[in-house]
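Just the one chain here, the form predicted on its own, laid out as C-alpha cells.
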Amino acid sequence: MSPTNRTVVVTGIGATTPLGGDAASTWEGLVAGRSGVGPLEQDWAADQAVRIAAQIAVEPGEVIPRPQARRLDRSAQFALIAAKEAWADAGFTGKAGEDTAVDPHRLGTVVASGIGGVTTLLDQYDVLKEKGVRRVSPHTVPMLMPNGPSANVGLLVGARAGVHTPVSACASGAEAIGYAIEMIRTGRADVVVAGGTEAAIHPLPIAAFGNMMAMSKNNDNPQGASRPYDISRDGFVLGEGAGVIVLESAEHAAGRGARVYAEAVGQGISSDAHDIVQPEPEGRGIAHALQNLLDNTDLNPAEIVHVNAHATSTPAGDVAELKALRKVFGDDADHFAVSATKSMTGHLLGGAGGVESVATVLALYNRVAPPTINVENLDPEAEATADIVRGEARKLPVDGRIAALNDSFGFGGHNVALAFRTV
C-alpha cells in the first residue's frame, strides 16, 4: 500500500467521564444505561437557573500527584489521565525513544478542547481582583492555553512529530481524531495519541449557556434531564471529562504484535455557513460531511450498523442529524442502530468526540450498541427517520465486518463524521 494511503487502526483507549474514571467503567455505565448527571452542590449553583451537570466520577486529585495537578488546568488533568490509560492499553511503556517501540519523531498528539483552560482563566482573574497581582499563579498562561492538554500529553509520551489542537467547539474532539488519522495516512507519523477534553463546569459558562436557552433546566430530575429525541427535550446537560485513543498505522501495529480494537476508516468534514449557533435545520451541512466521508474512503454503506449520534438533546439539532443520515444513506439507514450516549454522559463539548469515539470503538469491538435513555415519548420526526436504540443496549451483528459512525457538530457550523470498522 502507498505510504500516503496507509491503513490506520486503534490500538489503545482511555477515558475519564461522569460514568467512571477509566474506559472500562465508562463503557460499563453506557451499556447499563446509567446516568452520570446529578445536582450541582457548589455554593455558587444556588443562584443559577441551571443547577445540574454531569460531573466527573473520579476527581483528578485521586489520580494525579498534587504538585503536578497544581500546574495543570482541569482540562489538561483529564486529558493526561485518559492519555496515560490509552498509552498503556496500547502496550507502550515510558516515553518514545526510551523503552517504548516507537520513534519519537514518528509520534504525534492531537488533543482538542472547545474552550480550553476556562476555569484557570476565570479563577485566576478572581485571584487578581481579590488578592492582587503578586498572588496570580506563574503557571496561569500554560494552564489556560487551549493547546495545553495536547502539549502535556506530548510531554508524557515524548511526541516529536507534532502536537496539535484543533478548536471547533463541540466538534473539536472528533476533528482531532480525524486530523490524527490523516497524519498517519499521509506518512507524517506512525502513532498518534488523539482525542478531546473539557472542563467547563463553572458559574460563568453555565450562566451563559443557560441564558441562551441551550441547556436543560430540569433541575428536579437531573438523571432524566438529558433526553435526546424525546418530544419534551429542552436542551443539553453540561458534562466534563476526556476520551483519548491511540491510532497507529496497521503496519506499525502488526510489527510490534499490538492488539487492534478497530480500523479508523476516515473522516468527513464540512461547515454549514448558516448561523453561529443554530444548526442548518435540514442537515445539509451534516449531509455534506457524511458524503465527504464516503467519497474519500472505501467505506461501504452496507457495512454500517451503528451510529453514535451527536444528539445533544436540543430541539433543533437532534432531528437535523437524522435527516442528514437519511438523505445520504437512504434505505441503508434502516439498519443503523442509533445511540445517543449524551443521554448518560451529558455534553462534554470539545471532549464529546473523544469520549464518543471510545464508545464507538468499544461498540464495534464488543458488538453492542449502548442505549439512549430517558426517551419516554419519542419525537415523531425521529421515529420516522431512524432506529433509535432505546432503554436497553442492543446486540450488533456477530458475523462479518461491521462499521460504525461517530458524528460531532459544533457552534460555528462545524460538522465532523468519523468512521470505524472491525478488523
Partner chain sequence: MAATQEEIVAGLADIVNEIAGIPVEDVQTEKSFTDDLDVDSLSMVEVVVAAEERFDVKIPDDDVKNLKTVGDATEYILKHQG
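Residue numbers count along the first chain shown, from 1. For clarity, every value in this text was computed on a predicted model and none was experimentally measured.
Another form, the form predicted in complex with the partner chain, is not on view; read the next lines as being about it.
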Site test, 188, 256 and 259 vs the partner chain in the model of the complex, non-hydrogen atom cutoff 4.5 Å
no
Want to guess which of 359-367, 376-384, 64-72, 31-39 is within 4.5 Å of the partner chain in the model of the complex, heavy atoms only?
64-72
Within 4.5 Å of the partner chain in the model of the complex, heavy atoms considered, which of 274, 139, 105, 217?
139
I'd like to know whether residue 129 contacts the partner chain in the model of the complex, with contact meaning heavy atoms within 4.5 angstroms.
no
Sequence-ordered list of residues in 120-134 near the partner chain in the model of the complex, where near means a heavy atom within 4.5 Å:
134
